[in-house]
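In the block that follows, a single chain appears as structure tokens, in the form predicted on its own.
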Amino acid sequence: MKRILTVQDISCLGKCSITIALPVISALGTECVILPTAVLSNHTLFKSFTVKDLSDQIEPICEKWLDEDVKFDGVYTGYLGTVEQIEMMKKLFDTFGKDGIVFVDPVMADNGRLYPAFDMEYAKKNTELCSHADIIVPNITEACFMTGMDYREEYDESYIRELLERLTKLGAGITVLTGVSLSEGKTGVMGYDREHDEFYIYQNDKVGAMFHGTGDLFSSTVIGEIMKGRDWKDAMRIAADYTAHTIQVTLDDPKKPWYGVDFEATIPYLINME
């Protein structure tokens, strides 16, 4: 069985980050090892929350794994809360990522703005982190902060291609933009494979709702499918369809939680997707 390490926070309540990555990757048949960067009582869209930074635990945990000669087939990073943690990830990639895939979701911004806790220094550090990755999956806002391009709410395919080309210069072999809408009523992904000089577009029907954690659901599905042996294009297609399906199932539930999607109900659907 393959083994992947995911590094991100734990929100005890809220359906995001590790509480999505662990069950989804496990359901797809890969052992998922976790390295929590922080523990929160609930995610930050709730009225209040507690948070405990775990930066001081990252190095000791890694040292124990080295003592046990633990190896990974992939390393997947999501939300990292501080510049210091990004620096730690560079060392971690050198230690545990050299024998597998390094997959980075540079979570830091959306809708044209950085998240409140972050500044341009953080964006620059995320750019450096992406230069160490094999696959990166930023959204359009994050891509703009990392490349210096102006953010647009309305755009065409040439704009997305330019963003991808600039992102590729950071160093990743495969760059994928999420939340790309190239026609009315559609959304999906567009990616670029540097080695084969190949663009890939996949669009599905846009679901008229947004829930916290759907980016984590998409990324976790992608890396889980890649670990199964699928190529990156099939993995992106499945992840886009599965995320859209899960949003729709959540919308159809009269008791749906406002704070996340009902991915637990759709995991059987994911396992059987082709």
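From 1 onward, residues are counted along the sequence shown. In this text the structure is predicted, and so the values were computed from the model without any measurement.
One more form of this protein should be noted, the form predicted together with a small molecule, which is absent from this view; the next part is about it.
K.L.:
State yes or no: in the predicted complex, is some non-hydrogen atom of residue 225 no more than 4.5 angstroms from a non-hydrogen atom of the small molecule?
P.N.:
The answer is no: residue 225 has no heavy atom within 4.5 Å of the small molecule.
K.L.:
My question is simply whether residue 159 lines the interface with the small molecule in the predicted complex - judged by any non-hydrogen atom within 4.5 Å.
P.N.:
Judged by the heavy-atom cut-off of 4.5 Å, residue 159 is well away from the small molecule in the predicted complex.
K.L.:
Would you please decide whether residue 245 lies within 4.5 angstroms of the small molecule in the predicted complex, comparing each non-hydrogen atom pair?
P.N.:
Residue-level check for residue 245: no, no contact with the small molecule.
K.L.:
Using the partner position in the predicted complex, report whether residue 129 sits within 4.5 Å of the small molecule, counting heavy atoms only.
P.N.:
Flag for residue 129 set to no.
K.L.:
All three of 178, 237 and 241 touching the small molecule in the predicted complex at 4.5 Å, heavy atom to heavy atom?
P.N.:
Not one of the three qualifies.
K.L.:
Please pick out the stretch from 24-32, 225-233, 209-217, 54-62 that is in contact with the small molecule in the predicted complex, where contact means heavy atoms within 4.5 Å.
P.N.:
Checking each option against the 4.5 Å cut-off leaves 209-217.
K.L.:
Looking at 79, 122, 72, 202 here, can you tell me which has any non-hydrogen atom within 4.5 angstroms of the small molecule in the predicted complex?
P.N.:
Spelling it out, the residue with a heavy atom inside the cut-off is 79.
K.L.:
Just to confirm, with a 4.5 Å cut-off on non-hydrogen atoms, which of 143, 107, 89, 174 contacts the small molecule in the predicted complex?
P.N.:
In short, 107.
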